[in-house]
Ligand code: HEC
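Single chain ahead, written as structure tokens, the form predicted on its own.
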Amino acid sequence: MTGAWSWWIVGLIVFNLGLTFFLFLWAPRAKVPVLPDGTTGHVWAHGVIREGMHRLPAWWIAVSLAMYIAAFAYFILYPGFGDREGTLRWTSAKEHAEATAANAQRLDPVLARLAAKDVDAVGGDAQARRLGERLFVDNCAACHGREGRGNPLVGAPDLADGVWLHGGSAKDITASIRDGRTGVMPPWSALGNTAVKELAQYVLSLSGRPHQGTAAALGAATFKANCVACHGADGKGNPQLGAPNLTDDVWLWGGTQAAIETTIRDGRQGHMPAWSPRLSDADIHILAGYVHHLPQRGALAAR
């Protein structure tokens, strides 16, 4: 803070405290003219209500005086009177640093204990799950939802259904969190509207959903000519590419006929950001254990 701004703040404080303290001393002694009946002459409701005049109660004066004393004490002990540090030399940055250090002192032994466990064991540890839930809510819930059920509107997968685009092993999940993932479904509008609708019917048939048999049969040929490179001849997908399994009736962007046609015609692009710049290795380890455990919690909730 520059000297000019410091003196500006000092001036404001002195002016406001001085003015209010003067009013505090003057108000109990002020002489307000009153009528013989003790009222000021102000009336409402056609004279039914009249304004009286009474001295300030002693408790009000005592509390006000205590507040002034507390204000002066604050400016002596804490910063705020210009650039003065205060006798306690307190700062919010110092308090934050001390709180962070104290929290690290409590947390480090827990992190060290969990670091010695594999991801599967971390997911089964009650304390690790509580830490993982907090990490998940702070960093992942915006897309995947607080319960990890995903969001088809943004292509965020359901993490509690046990179906994994890039593999569901502890190693795969850790890599997804640490390095991020990017999935691209190219648009196939060049096929023409009729072929897109037929292909959508074939995709519906792969997952056992109601479909039009004739259109699905025609769509099968289109699928074999254009889609097997990523989704495989049987439509079971490819975790190495993040190509989803089309036979499990789990839909990243929605499984209605309209949603599938939109996916084929316009394509889709999903992005899972890398969390390694933001989260430490210990945080990622705990978060991976929590996410790995979500399908078990989802199965229990479904019972």
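In this text the structure is predicted, and so the values were computed from the model without any measurement. We number the residues from 1 along the sequence you see.
Missing here is the form predicted in complex with this ligand; even so, the following discussion is about that form.
- Comment: 134-142 is the region of 83-91, 115-123, 134-142, 96-104 lying near this ligand in the model of the complex, near meaning a non-hydrogen atom within 4.5 Å.
- Mapping the unseen interface onto this chain, A215 falls outside it, with no heavy atom inside 4.5 Å of this ligand in the model of the complex.
- At the 4.5 Å threshold, heavy atoms of R181 reach this ligand in the model of the complex.
- Proximity of L279 to this ligand in the model of the complex falls within the 4.5 Å heavy atom cutoff.
- In the model of the complex, this ligand stays beyond 4.5 Å of every heavy atom belonging to A233.
- Applying a 4.5 Å heavy atom cutoff to this ligand in the model of the complex picks out I260, T263, I264, R268, Q269, G270, H271, M272, P273, W275, L279, L287 from 257-287, in order along the sequence.
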